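Encoded as structure tokens, the following chain is the form predicted on its own, with no partner shown.
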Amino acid sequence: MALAGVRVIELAGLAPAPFCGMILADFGARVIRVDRTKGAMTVDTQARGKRSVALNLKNPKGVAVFKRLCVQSDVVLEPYRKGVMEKMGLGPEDLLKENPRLIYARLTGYGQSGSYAKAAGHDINYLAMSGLLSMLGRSSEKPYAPLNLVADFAGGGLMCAFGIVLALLERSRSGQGQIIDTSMVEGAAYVGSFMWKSRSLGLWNRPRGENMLDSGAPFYDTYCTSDGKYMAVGAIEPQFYQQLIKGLALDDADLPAQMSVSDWPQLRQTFTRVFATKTQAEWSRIFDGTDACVTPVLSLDEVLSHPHNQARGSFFKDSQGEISPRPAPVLSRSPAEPCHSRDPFIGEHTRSVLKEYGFEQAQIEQLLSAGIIECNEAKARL
């Protein structure tokens, strides 16, 4: 796999950092998640392919163990607010002094500088600060966040993984590590670069929810079918729009012009009425094989059984029977090989990882008896 041989130390956190670590693990990196001791359970649902070490970082001996892990690793991934790692003596200056080749990835909402650097927040706050939230929502309605996808995962976890790969590539030339400052505000904004760069095209001149790509246009929206499901329509180009009209069995001569914005409400009413006359399956049969840009809105449970997704193996079931997306993109020679076994328990691999990093058995037992580490191999065997 592409990242085979890369060692990553991931400090346990919430959604964005675990996603970043999972991406690295999917593509071959050996990711060790460092959990807190005395933790009953983890909230990390993106631990695929990772190993878990339970370590007390509030104790100087635990800090020393962590430093030893980092000396022999390529990447450290930390999701804490500005200053937390420095208080423990584990800031980038401390760790890069021990290992100049280390990639120190910091993933936070607001970044490591600025007046909000130490402020709490969540995806909706970062999305708001990026400018993008102001553009998301239906006409005459308040802005709404599209789940916690844009800032947490696209602008956060995915952007951080991209930064890590860039830093690893650069290190292959320079031999030096570096610090990655991933701000979810800036990451989300960067993902949304098209919104800024396309303003001169007039795509966003109207109020929120009244433009072509934000649900304002009737030919770029979703419609309810007779069985209560939905079809997604994205027939922007004239040739695709004509195929949409044909599939709906409408006469173009009876309809207003596609780009007559003032007539969009009337056109939407027509599309709504027609789509409601057939089931999702019936509309899918009509539009499959055409260039009308009409597709069924699939639920998370339906994606696995769709013929196209089946043909590509786009989704898979793990050993627990849970459906997951296949890692993307697909590399021809060194594709990702996601782990199908269950996620690790907290501290399940503490003993084996420490041995791998050169700790003697007697040292491990001392750390265990002192409460510096926890080992949960027995729980894993249950």
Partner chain sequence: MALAGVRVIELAGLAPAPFCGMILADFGARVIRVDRTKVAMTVDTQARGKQSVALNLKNPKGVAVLKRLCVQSDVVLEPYRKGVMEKMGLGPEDLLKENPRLIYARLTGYGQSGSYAKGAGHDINYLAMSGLLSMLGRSSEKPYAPLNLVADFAGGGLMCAFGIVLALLERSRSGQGQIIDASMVEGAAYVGSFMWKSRSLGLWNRPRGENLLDSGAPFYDTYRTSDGKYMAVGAIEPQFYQQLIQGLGLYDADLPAQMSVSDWPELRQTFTRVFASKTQEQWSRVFDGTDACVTPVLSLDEVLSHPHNQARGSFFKDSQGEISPRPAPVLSRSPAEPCHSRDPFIGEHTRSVLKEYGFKQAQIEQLLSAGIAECNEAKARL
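Keep in mind that this is a model prediction, so the values were computed, not measured. Residue numbers count along the first chain shown, from 1.
Keep in mind that the form predicted together with the partner chain is not shown, yet the notes after this line are about it.
Among residues of the shown chain, R333 is one whose heavy atoms approach the partner chain to within 4.5 Å in the model of the complex.
In the model of the complex, the partner chain sits within 4.5 Å of a heavy atom of I124. Interface residue remark: V84 is not counted as part of the site for the partner chain in the model of the complex, having no heavy atom within 4.5 Å.
The closest heavy atom approach of K67 to the partner chain in the model of the complex falls outside 4.5 Å. You can rule out all but one of 67-75, 257-265, 208-216, 244-252: in the model of the complex, only 208-216 has residues with a heavy atom within 4.5 Å of the partner chain. Although the partner chain is not shown here, in the model of the complex the stretch 293-311 places heavy atoms of C293, V294, T295, P296, V297, L298, S299, L300, D301, V303, H306, P307, H308, N309, A311 within 4.5 Å of it, in sequence order.
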